[in-house]
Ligand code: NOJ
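The chain below stands alone and is given as C-alpha coordinates, in the form predicted alone.
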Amino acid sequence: MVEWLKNAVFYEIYPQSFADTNADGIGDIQGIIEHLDYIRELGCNAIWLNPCFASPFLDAGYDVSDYKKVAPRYGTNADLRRLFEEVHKRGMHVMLDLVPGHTALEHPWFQESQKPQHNEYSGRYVWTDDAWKDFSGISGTMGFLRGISQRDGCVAVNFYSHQPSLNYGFYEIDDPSWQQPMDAPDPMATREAVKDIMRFWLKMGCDGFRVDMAGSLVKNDPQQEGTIALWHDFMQFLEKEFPDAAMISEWGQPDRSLRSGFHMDFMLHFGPSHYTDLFHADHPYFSREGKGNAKAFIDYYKKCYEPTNRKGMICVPSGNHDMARLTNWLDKEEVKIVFAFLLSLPGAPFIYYGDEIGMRYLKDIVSVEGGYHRTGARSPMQWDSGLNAGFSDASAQELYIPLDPDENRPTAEKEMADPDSIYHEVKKLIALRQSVPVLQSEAEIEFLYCEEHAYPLAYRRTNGDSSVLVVVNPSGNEASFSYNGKLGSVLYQNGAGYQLDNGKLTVPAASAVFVWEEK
(Lines give C-alpha, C1' and ligand atoms only; values in the text may rest on other atoms or scores of the structure.)
Protein backbone atom coordinates (compact mmCIF):
# COMPACT_ATOMS: atom_id res chain seq x y z
CA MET A 1 0.00 0.00 0.00
CA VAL A 2 1.23 3.50 -0.83
CA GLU A 3 2.02 5.03 2.55
CA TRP A 4 0.33 8.39 2.06
CA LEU A 5 -2.99 6.78 1.22
CA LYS A 6 -3.37 5.38 4.72
CA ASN A 7 -4.86 8.61 6.06
CA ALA A 8 -5.84 10.33 2.79
CA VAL A 9 -9.08 12.30 2.54
CA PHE A 10 -9.65 13.46 -1.04
CA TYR A 11 -11.27 16.57 -2.43
CA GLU A 12 -12.44 16.28 -6.04
CA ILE A 13 -12.00 19.42 -8.15
CA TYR A 14 -13.78 19.96 -11.44
CA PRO A 15 -11.30 22.57 -12.74
CA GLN A 16 -13.62 24.49 -15.07
CA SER A 17 -16.04 25.14 -12.20
CA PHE A 18 -13.82 25.79 -9.18
CA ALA A 19 -12.32 29.28 -9.38
CA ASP A 20 -11.71 31.65 -12.30
CA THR A 21 -8.86 34.16 -11.95
CA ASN A 22 -8.73 35.67 -15.46
CA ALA A 23 -12.43 36.58 -15.90
CA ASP A 24 -13.09 34.30 -18.87
CA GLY A 25 -15.90 32.46 -17.03
CA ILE A 26 -13.93 29.21 -16.77
CA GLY A 27 -12.02 27.99 -13.74
CA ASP A 28 -8.25 27.67 -13.97
CA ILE A 29 -5.20 26.26 -12.23
CA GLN A 30 -4.35 29.56 -10.56
CA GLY A 31 -7.82 29.52 -9.02
CA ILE A 32 -7.12 26.11 -7.52
CA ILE A 33 -3.78 27.29 -6.13
CA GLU A 34 -5.46 30.28 -4.47
CA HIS A 35 -7.93 28.00 -2.66
CA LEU A 36 -5.57 25.26 -1.49
CA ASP A 37 -5.65 26.64 2.05
CA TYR A 38 -9.45 26.33 2.08
CA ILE A 39 -9.16 22.65 1.15
CA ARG A 40 -6.45 22.07 3.74
CA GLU A 41 -8.42 23.89 6.45
CA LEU A 42 -11.40 21.65 5.76
CA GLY A 43 -9.07 18.75 6.55
CA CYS A 44 -8.59 17.21 3.11
CA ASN A 45 -4.99 16.27 2.40
CA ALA A 46 -5.32 14.98 -1.16
CA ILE A 47 -6.87 16.28 -4.38
CA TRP A 48 -8.30 14.53 -7.41
CA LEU A 49 -8.22 16.89 -10.37
CA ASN A 50 -10.58 16.10 -13.25
CA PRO A 51 -9.03 16.24 -16.75
CA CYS A 52 -7.04 19.38 -17.45
CA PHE A 53 -5.37 18.38 -20.74
CA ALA A 54 -5.74 19.87 -24.22
CA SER A 55 -9.10 18.89 -25.65
CA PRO A 56 -11.88 20.03 -27.99
CA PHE A 57 -14.09 19.70 -24.87
CA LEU A 58 -16.93 17.78 -26.41
CA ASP A 59 -16.92 15.67 -23.22
CA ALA A 60 -15.60 18.21 -20.71
CA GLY A 61 -11.99 17.13 -21.25
CA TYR A 62 -12.51 13.37 -21.28
CA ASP A 63 -11.74 13.65 -25.00
CA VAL A 64 -8.00 14.34 -24.93
CA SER A 65 -6.16 15.77 -27.93
CA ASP A 66 -2.75 16.08 -26.22
CA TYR A 67 -1.97 14.08 -23.07
CA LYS A 68 1.17 16.10 -22.30
CA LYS A 69 -0.24 19.62 -22.56
CA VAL A 70 -2.46 21.52 -20.15
CA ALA A 71 -5.50 22.99 -21.87
CA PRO A 72 -4.75 26.68 -22.48
CA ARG A 73 -8.02 27.70 -20.84
CA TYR A 74 -6.65 26.34 -17.55
CA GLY A 75 -3.10 27.63 -17.91
CA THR A 76 0.20 26.03 -18.83
CA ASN A 77 2.29 23.03 -17.91
CA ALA A 78 4.32 25.39 -15.75
CA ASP A 79 1.14 26.35 -13.87
CA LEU A 80 0.35 22.69 -13.22
CA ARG A 81 3.90 22.09 -12.02
CA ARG A 82 3.45 25.01 -9.63
CA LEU A 83 0.18 23.50 -8.40
CA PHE A 84 2.03 20.27 -7.62
CA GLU A 85 4.65 22.27 -5.70
CA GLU A 86 2.09 24.29 -3.74
CA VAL A 87 0.14 21.14 -2.87
CA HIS A 88 3.30 19.45 -1.61
CA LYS A 89 4.30 22.50 0.44
CA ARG A 90 1.09 21.98 2.39
CA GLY A 91 1.77 18.30 3.03
CA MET A 92 -0.90 17.29 0.52
CA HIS A 93 -0.98 15.12 -2.60
CA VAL A 94 -2.66 15.46 -6.00
CA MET A 95 -3.88 12.90 -8.51
CA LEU A 96 -4.60 13.67 -12.15
CA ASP A 97 -7.37 12.09 -14.21
CA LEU A 98 -5.94 9.65 -16.78
CA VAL A 99 -8.09 8.72 -19.78
CA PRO A 100 -6.38 5.67 -21.31
CA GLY A 101 -9.31 4.13 -23.18
CA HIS A 102 -9.90 6.67 -25.93
CA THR A 103 -8.82 10.02 -27.33
CA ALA A 104 -10.43 12.91 -29.17
CA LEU A 105 -10.82 12.63 -32.93
CA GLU A 106 -8.36 15.54 -33.13
CA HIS A 107 -5.54 13.64 -31.42
CA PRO A 108 -2.52 13.32 -33.77
CA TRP A 109 -2.50 9.56 -33.22
CA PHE A 110 -6.02 9.28 -34.59
CA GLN A 111 -5.32 11.66 -37.45
CA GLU A 112 -2.54 9.32 -38.57
CA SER A 113 -4.60 6.22 -37.85
CA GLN A 114 -7.29 7.32 -40.30
CA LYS A 115 -4.92 7.36 -43.27
CA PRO A 116 -5.28 4.53 -45.79
CA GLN A 117 -1.49 4.17 -45.98
CA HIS A 118 -0.11 1.94 -43.23
CA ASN A 119 1.89 3.80 -40.57
CA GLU A 120 2.96 3.35 -36.95
CA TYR A 121 -0.44 4.56 -35.70
CA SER A 122 -2.62 2.43 -37.98
CA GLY A 123 -3.08 -0.06 -35.16
CA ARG A 124 -3.22 2.44 -32.29
CA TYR A 125 -7.05 2.29 -32.39
CA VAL A 126 -9.51 -0.58 -32.75
CA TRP A 127 -10.39 -0.81 -36.46
CA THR A 128 -12.09 -3.50 -38.48
CA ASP A 129 -10.61 -4.33 -41.90
CA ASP A 130 -13.78 -3.57 -43.85
CA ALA A 131 -16.11 -0.59 -43.75
CA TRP A 132 -19.07 -3.01 -43.70
CA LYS A 133 -17.83 -4.87 -40.62
CA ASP A 134 -18.98 -3.35 -37.34
CA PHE A 135 -18.67 -4.17 -33.62
CA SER A 136 -21.99 -5.87 -32.94
CA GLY A 137 -21.74 -8.25 -29.99
CA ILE A 138 -18.21 -7.22 -29.03
CA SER A 139 -17.93 -6.37 -25.35
CA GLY A 140 -16.06 -3.26 -24.33
CA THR A 141 -17.36 -1.15 -27.21
CA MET A 142 -20.23 1.31 -27.18
CA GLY A 143 -20.58 1.93 -30.90
CA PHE A 144 -18.47 2.68 -33.95
CA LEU A 145 -17.77 5.14 -36.73
CA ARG A 146 -17.64 4.36 -40.42
CA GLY A 147 -17.07 6.42 -43.52
CA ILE A 148 -15.05 9.11 -41.74
CA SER A 149 -11.90 8.77 -43.84
CA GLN A 150 -10.47 6.94 -46.83
CA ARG A 151 -9.33 4.07 -44.62
CA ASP A 152 -11.39 0.95 -45.28
CA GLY A 153 -12.84 -0.06 -41.92
CA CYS A 154 -14.92 0.95 -38.91
CA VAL A 155 -13.39 2.27 -35.71
CA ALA A 156 -14.81 1.42 -32.28
CA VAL A 157 -15.79 4.16 -29.83
CA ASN A 158 -15.72 3.89 -26.05
CA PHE A 159 -18.49 6.28 -25.06
CA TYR A 160 -19.47 9.24 -27.22
CA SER A 161 -19.07 9.01 -30.99
CA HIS A 162 -16.10 11.38 -30.86
CA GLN A 163 -14.06 9.08 -28.58
CA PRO A 164 -12.32 6.38 -30.67
CA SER A 165 -11.09 3.38 -28.69
CA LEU A 166 -7.39 2.88 -28.20
CA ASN A 167 -6.17 -0.61 -29.04
CA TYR A 168 -5.09 -2.88 -26.17
CA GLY A 169 -6.02 -6.05 -28.05
CA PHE A 170 -8.75 -8.67 -27.72
CA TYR A 171 -9.02 -11.27 -25.00
CA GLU A 172 -11.20 -13.55 -27.13
CA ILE A 173 -10.59 -13.40 -30.87
CA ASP A 174 -13.51 -14.16 -33.19
CA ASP A 175 -12.09 -12.73 -36.42
CA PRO A 176 -8.29 -12.92 -36.67
CA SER A 177 -8.32 -10.92 -39.90
CA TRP A 178 -8.53 -7.71 -37.82
CA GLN A 179 -8.78 -8.58 -34.12
CA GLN A 180 -5.34 -8.51 -32.50
CA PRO A 181 -4.24 -10.47 -29.43
CA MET A 182 -3.19 -8.46 -26.40
CA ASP A 183 0.51 -9.15 -26.95
CA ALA A 184 0.55 -8.09 -30.62
CA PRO A 185 2.92 -5.19 -31.49
CA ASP A 186 0.17 -2.57 -31.87
CA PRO A 187 -1.52 -3.17 -28.47
CA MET A 188 1.89 -3.33 -26.84
CA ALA A 189 2.79 0.03 -28.42
CA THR A 190 -0.38 1.52 -26.92
CA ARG A 191 0.66 0.28 -23.49
CA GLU A 192 4.07 1.87 -23.81
CA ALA A 193 2.55 5.16 -24.98
CA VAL A 194 0.34 5.30 -21.88
CA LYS A 195 3.29 4.44 -19.62
CA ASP A 196 5.14 7.33 -21.22
CA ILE A 197 2.23 9.68 -20.38
CA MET A 198 2.22 8.50 -16.77
CA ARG A 199 6.00 8.91 -16.58
CA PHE A 200 5.77 12.47 -17.91
CA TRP A 201 3.40 13.73 -15.22
CA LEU A 202 4.82 11.69 -12.35
CA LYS A 203 8.27 13.12 -13.02
CA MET A 204 6.74 16.61 -12.97
CA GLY A 205 5.31 16.00 -9.48
CA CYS A 206 1.92 14.33 -9.86
CA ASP A 207 1.26 11.75 -7.10
CA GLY A 208 -0.84 9.28 -9.09
CA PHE A 209 -3.90 8.90 -11.26
CA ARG A 210 -7.60 8.28 -11.14
CA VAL A 211 -8.19 6.14 -14.23
CA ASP A 212 -11.27 6.79 -16.35
CA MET A 213 -13.25 3.73 -17.51
CA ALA A 214 -10.44 1.47 -16.28
CA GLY A 215 -12.36 -1.74 -16.94
CA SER A 216 -13.02 -0.99 -20.61
CA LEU A 217 -9.61 -1.32 -22.23
CA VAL A 218 -9.35 -4.88 -23.57
CA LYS A 219 -12.10 -5.79 -26.03
CA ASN A 220 -14.10 -9.03 -26.16
CA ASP A 221 -13.20 -9.52 -22.51
CA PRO A 222 -16.51 -10.52 -20.90
CA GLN A 223 -15.07 -11.35 -17.46
CA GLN A 224 -12.37 -8.67 -17.75
CA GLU A 225 -9.56 -11.15 -17.17
CA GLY A 226 -7.54 -9.62 -20.01
CA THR A 227 -8.03 -6.12 -18.60
CA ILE A 228 -6.96 -7.33 -15.16
CA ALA A 229 -3.78 -8.78 -16.68
CA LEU A 230 -3.17 -5.54 -18.56
CA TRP A 231 -3.34 -3.51 -15.36
CA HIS A 232 -0.96 -5.93 -13.65
CA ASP A 233 1.58 -4.88 -16.26
CA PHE A 234 0.94 -1.19 -15.64
CA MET A 235 1.23 -1.68 -11.87
CA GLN A 236 4.55 -3.52 -12.23
CA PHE A 237 5.85 -0.58 -14.24
CA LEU A 238 4.75 1.86 -11.55
CA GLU A 239 6.08 -0.23 -8.69
CA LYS A 240 9.48 -0.30 -10.38
CA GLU A 241 9.73 3.37 -11.40
CA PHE A 242 7.27 5.24 -9.16
CA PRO A 243 6.52 3.14 -6.06
CA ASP A 244 4.80 6.04 -4.27
CA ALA A 245 2.31 6.66 -7.09
CA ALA A 246 -1.29 5.96 -6.12
CA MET A 247 -3.79 4.46 -8.56
CA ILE A 248 -7.56 4.54 -8.25
CA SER A 249 -9.87 3.09 -10.85
CA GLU A 250 -13.21 4.14 -12.20
CA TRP A 251 -14.25 0.51 -12.47
CA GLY A 252 -17.03 0.21 -9.94
CA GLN A 253 -16.27 -3.46 -9.28
CA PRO A 254 -13.65 -3.65 -6.53
CA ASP A 255 -13.68 -7.45 -6.65
CA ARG A 256 -12.04 -7.09 -10.07
CA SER A 257 -10.15 -3.80 -9.91
CA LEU A 258 -8.34 -4.51 -6.65
CA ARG A 259 -7.32 -7.90 -7.99
CA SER A 260 -5.77 -6.07 -10.94
CA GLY A 261 -3.44 -4.15 -8.62
CA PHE A 262 -5.25 -0.83 -8.18
CA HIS A 263 -4.86 0.62 -4.72
CA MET A 264 -8.46 1.82 -4.67
CA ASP A 265 -11.75 1.54 -6.51
CA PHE A 266 -14.99 3.44 -6.12
CA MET A 267 -18.38 2.06 -5.29
CA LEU A 268 -20.25 4.02 -7.94
CA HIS A 269 -23.71 4.86 -9.23
CA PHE A 270 -23.31 2.33 -12.08
CA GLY A 271 -22.54 -1.36 -11.97
CA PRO A 272 -23.62 -3.81 -9.25
CA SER A 273 -22.87 -1.69 -6.15
CA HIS A 274 -26.37 -0.34 -5.31
CA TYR A 275 -24.72 2.96 -4.36
CA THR A 276 -27.84 4.79 -5.51
CA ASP A 277 -29.91 2.96 -2.88
CA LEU A 278 -28.14 4.98 -0.21
CA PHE A 279 -28.49 8.56 -1.42
CA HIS A 280 -29.92 8.75 -4.96
CA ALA A 281 -33.20 6.86 -5.00
CA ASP A 282 -36.91 7.56 -4.69
CA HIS A 283 -36.59 6.33 -1.11
CA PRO A 284 -32.91 6.75 -0.17
CA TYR A 285 -31.66 4.92 2.90
CA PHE A 286 -30.32 8.17 4.35
CA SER A 287 -33.68 9.92 4.34
CA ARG A 288 -35.66 10.45 7.56
CA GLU A 289 -38.58 8.94 5.64
CA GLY A 290 -37.17 5.58 6.79
CA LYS A 291 -38.22 3.57 3.73
CA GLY A 292 -34.78 2.91 2.31
CA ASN A 293 -32.75 -0.27 2.04
CA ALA A 294 -28.96 -0.51 2.45
CA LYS A 295 -28.78 -4.31 2.44
CA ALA A 296 -27.85 -4.86 -1.23
CA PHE A 297 -25.12 -2.21 -1.01
CA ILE A 298 -23.62 -3.68 2.17
CA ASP A 299 -23.79 -7.22 0.77
CA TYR A 300 -21.86 -6.18 -2.33
CA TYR A 301 -19.41 -4.16 -0.23
CA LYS A 302 -18.68 -7.26 1.87
CA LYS A 303 -18.29 -9.40 -1.24
CA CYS A 304 -15.65 -7.01 -2.53
CA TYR A 305 -13.97 -6.34 0.83
CA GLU A 306 -13.46 -9.81 2.20
CA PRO A 307 -11.05 -11.12 -0.51
CA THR A 308 -8.72 -8.09 -0.32
CA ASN A 309 -6.98 -9.01 2.94
CA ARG A 310 -6.86 -5.25 3.51
CA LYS A 311 -4.49 -4.83 0.54
CA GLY A 312 -6.88 -2.65 -1.43
CA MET A 313 -9.33 0.07 -0.54
CA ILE A 314 -12.98 0.55 -1.45
CA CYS A 315 -13.99 4.19 -1.63
CA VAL A 316 -17.50 5.53 -1.25
CA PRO A 317 -17.65 9.14 -2.54
CA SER A 318 -20.06 11.88 -1.51
CA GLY A 319 -20.72 12.32 -5.22
CA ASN A 320 -18.85 13.26 -8.37
CA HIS A 321 -19.15 15.09 -11.67
CA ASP A 322 -21.26 12.29 -13.17
CA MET A 323 -24.17 12.20 -10.71
CA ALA A 324 -26.69 14.57 -9.15
CA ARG A 325 -25.66 16.11 -5.85
CA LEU A 326 -26.70 14.72 -2.45
CA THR A 327 -29.00 17.68 -1.86
CA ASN A 328 -31.20 16.59 -4.75
CA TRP A 329 -32.67 14.00 -2.37
CA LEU A 330 -31.49 14.91 1.14
CA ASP A 331 -31.67 17.96 3.40
CA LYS A 332 -28.93 19.54 5.48
CA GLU A 333 -29.35 17.31 8.54
CA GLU A 334 -29.60 14.16 6.44
CA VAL A 335 -26.40 15.11 4.61
CA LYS A 336 -24.60 15.38 7.95
CA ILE A 337 -25.52 11.75 8.70
CA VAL A 338 -24.23 10.79 5.23
CA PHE A 339 -20.85 12.29 6.05
CA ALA A 340 -20.73 10.49 9.41
CA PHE A 341 -21.10 7.29 7.39
CA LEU A 342 -18.64 8.17 4.61
CA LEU A 343 -15.93 9.42 6.95
CA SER A 344 -16.06 6.36 9.20
CA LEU A 345 -15.56 3.76 6.44
CA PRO A 346 -12.29 2.14 5.38
CA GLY A 347 -10.68 3.34 2.19
CA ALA A 348 -9.98 6.94 1.29
CA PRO A 349 -13.08 9.17 1.44
CA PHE A 350 -13.75 11.43 -1.56
CA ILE A 351 -15.62 14.71 -1.17
CA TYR A 352 -16.92 16.33 -4.36
CA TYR A 353 -16.28 20.07 -4.41
CA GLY A 354 -19.24 21.94 -2.94
CA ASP A 355 -20.78 18.94 -1.19
CA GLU A 356 -19.17 20.16 2.02
CA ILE A 357 -21.29 23.33 1.82
CA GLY A 358 -24.49 21.68 0.59
CA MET A 359 -24.41 22.96 -2.98
CA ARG A 360 -27.57 22.13 -4.91
CA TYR A 361 -28.09 20.11 -8.06
CA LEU A 362 -29.42 22.44 -10.76
CA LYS A 363 -32.21 20.82 -12.71
CA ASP A 364 -33.23 21.56 -16.27
CA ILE A 365 -30.23 23.62 -17.32
CA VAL A 366 -28.86 23.37 -20.85
CA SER A 367 -26.17 20.75 -21.36
CA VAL A 368 -22.59 22.03 -21.45
CA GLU A 369 -19.73 20.12 -23.09
CA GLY A 370 -21.46 16.76 -23.16
CA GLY A 371 -22.73 16.95 -19.59
CA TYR A 372 -26.47 16.55 -20.32
CA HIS A 373 -28.19 15.64 -17.03
CA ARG A 374 -24.79 15.76 -15.29
CA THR A 375 -24.39 19.47 -16.03
CA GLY A 376 -26.45 20.43 -12.98
CA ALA A 377 -23.83 18.89 -10.69
CA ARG A 378 -21.00 20.85 -12.34
CA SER A 379 -22.06 24.42 -11.58
CA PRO A 380 -19.52 26.98 -10.29
CA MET A 381 -18.27 26.73 -6.74
CA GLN A 382 -20.05 29.20 -4.46
CA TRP A 383 -17.42 31.00 -2.42
CA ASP A 384 -19.07 34.14 -1.06
CA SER A 385 -21.81 36.76 -1.51
CA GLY A 386 -19.87 38.77 -4.08
CA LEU A 387 -20.08 38.86 -7.87
CA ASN A 388 -20.88 35.42 -9.29
CA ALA A 389 -20.60 33.99 -5.76
CA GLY A 390 -16.88 34.73 -5.84
CA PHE A 391 -16.26 32.28 -8.68
CA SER A 392 -15.43 34.75 -11.47
CA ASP A 393 -15.27 38.41 -12.42
CA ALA A 394 -16.76 37.64 -15.83
CA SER A 395 -20.30 38.61 -16.73
CA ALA A 396 -22.92 36.05 -15.73
CA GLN A 397 -23.54 35.23 -19.40
CA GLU A 398 -19.90 34.18 -19.82
CA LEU A 399 -19.84 31.63 -17.00
CA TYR A 400 -18.98 28.09 -18.03
CA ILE A 401 -22.20 26.84 -16.40
CA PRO A 402 -24.83 29.11 -14.80
CA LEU A 403 -24.73 29.67 -11.06
CA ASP A 404 -27.41 28.48 -8.67
CA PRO A 405 -29.88 31.40 -9.04
CA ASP A 406 -31.29 31.11 -5.52
CA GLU A 407 -30.45 34.20 -3.46
CA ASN A 408 -30.13 31.92 -0.42
CA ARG A 409 -27.70 29.56 -2.12
CA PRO A 410 -25.09 28.18 0.27
CA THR A 411 -21.59 29.63 0.09
CA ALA A 412 -18.32 28.68 1.72
CA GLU A 413 -18.32 32.04 3.49
CA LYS A 414 -21.75 31.50 5.07
CA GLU A 415 -21.11 27.86 5.93
CA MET A 416 -17.82 28.68 7.62
CA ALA A 417 -19.55 31.35 9.70
CA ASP A 418 -22.33 28.99 10.84
CA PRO A 419 -21.19 26.56 13.57
CA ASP A 420 -24.17 24.29 12.79
CA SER A 421 -23.38 23.96 9.09
CA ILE A 422 -22.58 20.92 6.96
CA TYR A 423 -19.10 22.41 6.51
CA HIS A 424 -18.33 22.34 10.22
CA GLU A 425 -19.75 18.82 10.61
CA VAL A 426 -17.50 17.60 7.78
CA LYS A 427 -14.51 19.43 9.23
CA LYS A 428 -15.16 17.91 12.66
CA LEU A 429 -15.50 14.40 11.21
CA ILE A 430 -12.32 14.68 9.15
CA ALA A 431 -10.36 15.93 12.18
CA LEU A 432 -11.69 13.03 14.23
CA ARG A 433 -10.76 10.52 11.53
CA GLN A 434 -7.24 11.95 11.29
CA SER A 435 -6.73 11.82 15.07
CA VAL A 436 -8.06 8.27 15.56
CA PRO A 437 -6.15 5.62 13.56
CA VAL A 438 -8.92 3.04 13.92
CA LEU A 439 -11.16 5.28 11.81
CA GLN A 440 -8.63 5.58 8.98
CA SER A 441 -8.30 3.70 5.71
CA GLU A 442 -6.64 0.45 6.69
CA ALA A 443 -8.47 -0.49 9.88
CA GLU A 444 -10.87 -3.39 9.39
CA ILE A 445 -14.63 -3.17 9.21
CA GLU A 446 -17.18 -5.71 10.45
CA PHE A 447 -20.86 -5.12 9.82
CA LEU A 448 -22.91 -5.96 12.91
CA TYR A 449 -26.40 -5.04 11.80
CA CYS A 450 -27.85 -4.46 8.35
CA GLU A 451 -31.15 -6.06 7.45
CA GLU A 452 -33.61 -5.63 4.58
CA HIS A 453 -35.47 -2.30 4.83
CA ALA A 454 -34.31 -1.91 8.42
CA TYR A 455 -32.54 0.63 10.63
CA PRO A 456 -30.00 1.27 12.07
CA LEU A 457 -26.77 0.39 10.24
CA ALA A 458 -24.07 -0.72 12.67
CA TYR A 459 -20.46 -1.69 12.13
CA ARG A 460 -17.21 -2.06 14.03
CA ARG A 461 -13.83 -0.58 13.05
CA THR A 462 -10.80 -2.41 14.50
CA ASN A 463 -7.03 -2.26 14.05
CA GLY A 464 -5.73 -4.72 16.62
CA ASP A 465 -5.16 -2.07 19.28
CA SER A 466 -8.62 -0.61 19.59
CA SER A 467 -12.19 -0.92 18.44
CA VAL A 468 -14.94 1.59 17.69
CA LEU A 469 -18.65 0.90 17.24
CA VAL A 470 -20.35 3.06 14.62
CA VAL A 471 -24.15 3.26 14.50
CA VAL A 472 -26.00 5.42 11.98
CA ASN A 473 -29.77 5.80 12.01
CA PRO A 474 -30.92 8.17 9.26
CA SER A 475 -34.59 7.31 9.78
CA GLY A 476 -37.10 9.49 11.59
CA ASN A 477 -37.72 6.85 14.28
CA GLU A 478 -35.54 5.38 17.00
CA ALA A 479 -34.04 2.03 16.05
CA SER A 480 -32.53 -0.93 17.90
CA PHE A 481 -30.41 -4.02 17.39
CA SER A 482 -28.92 -6.75 19.55
CA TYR A 483 -25.51 -5.86 20.94
CA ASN A 484 -23.66 -7.73 23.66
CA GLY A 485 -20.43 -5.78 23.84
CA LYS A 486 -19.19 -3.31 26.43
CA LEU A 487 -19.04 0.34 25.52
CA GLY A 488 -16.81 3.13 26.75
CA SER A 489 -16.70 6.83 25.99
CA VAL A 490 -18.41 8.48 23.04
CA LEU A 491 -16.09 9.68 20.27
CA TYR A 492 -18.70 11.44 18.13
CA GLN A 493 -22.40 12.05 18.38
CA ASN A 494 -24.97 13.68 16.12
CA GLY A 495 -28.34 13.56 17.86
CA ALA A 496 -29.39 12.43 21.32
CA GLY A 497 -27.55 9.70 23.22
CA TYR A 498 -27.85 5.95 22.75
CA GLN A 499 -29.22 3.46 25.29
CA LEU A 500 -27.86 -0.01 25.99
CA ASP A 501 -30.15 -2.23 28.04
CA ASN A 502 -30.11 -6.05 28.40
CA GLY A 503 -28.26 -6.64 25.15
CA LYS A 504 -30.36 -4.19 23.14
CA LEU A 505 -28.79 -0.99 21.81
CA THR A 506 -31.22 1.77 20.86
CA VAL A 507 -30.33 4.97 19.03
CA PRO A 508 -32.61 7.98 18.51
CA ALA A 509 -34.06 9.15 15.24
CA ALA A 510 -31.78 10.88 12.71
CA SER A 511 -28.58 10.18 14.61
CA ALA A 512 -25.04 8.89 14.32
CA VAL A 513 -22.72 7.83 17.10
CA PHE A 514 -19.15 6.49 17.36
CA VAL A 515 -18.33 4.78 20.67
CA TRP A 516 -15.17 3.13 21.94
CA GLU A 517 -15.61 -0.58 22.64
CA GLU A 518 -14.03 -2.01 25.76
CA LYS A 519 -12.46 -5.46 25.87
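Each residue number is its position in the shown sequence, starting from 1. The shown structure was predicted, so the numbers you read here are calculated from the model rather than taken from an experiment.
The following text describes the form predicted together with this ligand, which does not appear among the structures shown.
When contacts are defined as a non-hydrogen atom within 4.5 Å, none of 40, 342 and 427 contacts this ligand in the model of the complex.
For the candidate set 336, 102, 219, 107, a heavy atom within 4.5 Å of this ligand in the model of the complex is found for exactly one residue, namely 102. Out of the listed residues 112, 129, 444, 322, 322 is the one that sits within 4.5 Å of this ligand in the model of the complex by at least one heavy atom. Looking at 210-218, 241-249, 401-409, 79-87, the stretch with residues near this ligand in the model of the complex, meaning non-hydrogen atoms within 4.5 angstroms, turns out to be 210-218. Taking the partner from the other structure, this ligand in the model of the complex has no heavy atom within 4.5 Å of any heavy atom of residue 144. The shortest heavy atom separation between residue 374 and this ligand in the model of the complex is within 4.5 Å. Remark: residue 378 counts among the residues lining this ligand in the model of the complex, judged by a heavy atom distance of 4.5 Å or less. Using a 4.5 angstroms limit between non-hydrogen atoms, residue 59 touches this ligand in the model of the complex.
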